[in-house]
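In structure tokens, one chain follows: the form predicted on its own.
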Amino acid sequence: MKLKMPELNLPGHPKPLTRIARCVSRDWQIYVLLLPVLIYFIVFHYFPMYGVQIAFRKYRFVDGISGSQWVGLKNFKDFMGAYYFGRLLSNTLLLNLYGLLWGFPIPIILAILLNQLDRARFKKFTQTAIYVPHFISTAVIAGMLYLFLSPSSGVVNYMIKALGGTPINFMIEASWFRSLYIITDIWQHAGWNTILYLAALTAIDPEIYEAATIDGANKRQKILYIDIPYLVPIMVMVFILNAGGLLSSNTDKALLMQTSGNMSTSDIIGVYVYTMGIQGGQFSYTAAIGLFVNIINFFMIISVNWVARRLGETSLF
């Protein structure tokens, strides 16, 4: 005969539901503020997951999602067996790898330099100046590129001709696409990305700097032994998040910068999805491509997070 142990309701150990109810009643204002965010993610991020199944179907609008023919992994096989699969994958991966290599350290360097500025008015002016490009639309950025880099009337080619060089058609030559894309991306977003690092540097106790000054440390030593160690946890987390987007690019920008001449380097997965999905109406095929990209990005962020946790104690989870 099995004996049933009695439940112990100790005064200091309330039941889980009672404990949750007590927390909600105590901090209900915080949960009310959190509610719109939860509703947003449920409506726009979790409910749409029902439509992911069209990646495994031959979707027809008249049949609906559940009524369309189930084809399994056919759409994934078609994409991986496509003629341009290798070019699409390599172009997307290289574009994001180069962007991560050159774009990741720039906001850190800018934040450290801004933190070293003593004049408050000049510091505020500099921050505002580097934040402004973030608010320029992608279409305007692309228009500026075509205007400034025009082989006939562009400012850049005018300077090249003034120095005795030959005008370059930057927007046509495939070798210039990645450089232009990454440079403009850094110019547009590097200043805005310094906000997180500046917040971390602002949280450092001023007495630490005062003690370092008394010990005879110069600015370079303060950066090496105070600023950078404090920034390392933030740097690791931002790097992990960026690594989770190695197959995701700014499709709008690549599409606006794409020309017949630079197709060999500008043809990335996002542009291909737009061409085949929006223009070609192959919704199941492009849904499979999107799911493929998200799965790769998911494994990338898990892998980089695992490596970061093994090498140090800082990780996202």
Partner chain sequence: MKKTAFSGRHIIKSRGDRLFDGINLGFWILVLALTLYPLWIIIIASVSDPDAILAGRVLIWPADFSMIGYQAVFKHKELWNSYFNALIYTLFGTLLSVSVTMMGAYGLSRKFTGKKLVNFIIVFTMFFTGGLIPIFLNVRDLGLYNTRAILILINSVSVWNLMVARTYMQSTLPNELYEAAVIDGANHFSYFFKIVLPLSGTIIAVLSVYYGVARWNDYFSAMVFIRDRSKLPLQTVLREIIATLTTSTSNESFFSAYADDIKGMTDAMRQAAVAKYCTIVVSTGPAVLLYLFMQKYFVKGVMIGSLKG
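Please read these numbers as outputs of a predicted model, since none were measured by experiment. Here, rigid core means the biggest group of C-alpha atoms that superpose within 1.5 Å across both forms. Residue numbers count along the first chain shown, from 1.
What comes next is about the form predicted in complex with its partner chain, which does not appear here.
A.B. asks: Select, from the options 86-94, 177-185, 71-79, 115-123, the stretch whose residues sit within 4.5 angstroms of its partner chain in the predicted bound form by heavy atom distance.
C.D. replies: That would be stretch 115-123.
A.B. asks: Identify, from the list 245, 233, 103, 133, the residue with a heavy atom within 4.5 Å of its partner chain in the predicted bound form.
C.D. replies: Exactly one listed residue reaches within 4.5 Å, namely 133.
A.B. asks: Within 4.5 Å, heavy atoms only: does residue 143 come near its partner chain in the predicted bound form?
C.D. replies: It does: once its partner chain is placed as it appears in the predicted bound form, residue 143 has a heavy atom within 4.5 Å of it.
A.B. asks: Taking heavy atoms only, is residue 52 within 4.5 angstroms of its partner chain in the predicted bound form?
C.D. replies: Result yes; residue 52 sits at the interface with its partner chain in the predicted bound form.
A.B. asks: So in the predicted bound form, does any heavy atom of residue 67 sit within 4.5 Å of its partner chain?
C.D. replies: Output for residue 67 is no: heavy atoms all beyond 4.5 Å of its partner chain.
A.B. asks: Does residue 21 make contact with its partner chain in the predicted bound form, using a 4.5 Å heavy atom cut-off?
C.D. replies: No, residue 21 sits far enough from its partner chain in the predicted bound form that none of its heavy atoms falls within 4.5 Å.
A.B. asks: Heavy atom within 4.5 Å of its partner chain in the predicted bound form: which residues of 68-92 meet that condition, in order?
C.D. replies: Nothing in this stretch is in contact.
A.B. asks: Do you see a C-alpha shift of 2 Å or more at residue 70 between this form and the one not shown, with the core held fixed?
C.D. replies: No: residue 70 shifts by under 2 Å between this form and the one not shown.
A.B. asks: Any CA movement of 2 Å or more for residue 292 between this form and the one not shown, core superposed?
C.D. replies: Residue 292: C-alpha displaced by less than 2 Å between this form and the one not shown.
A.B. asks: Given a core-based superposition, decide whether the C-alpha of residue 51 shifts by 2 Å or more between this form and the one not shown.
C.D. replies: After core superposition, the displacement of the residue 51 C-alpha between this form and the one not shown stays below 2 Å, so no.
A.B. asks: Taking the shown form as the reference, report whether the CA atoms of residue 278 and residue 47 lie closer or farther apart in the predicted bound form; the distance changes by 3 angstroms or more.
C.D. replies: Result: closer.
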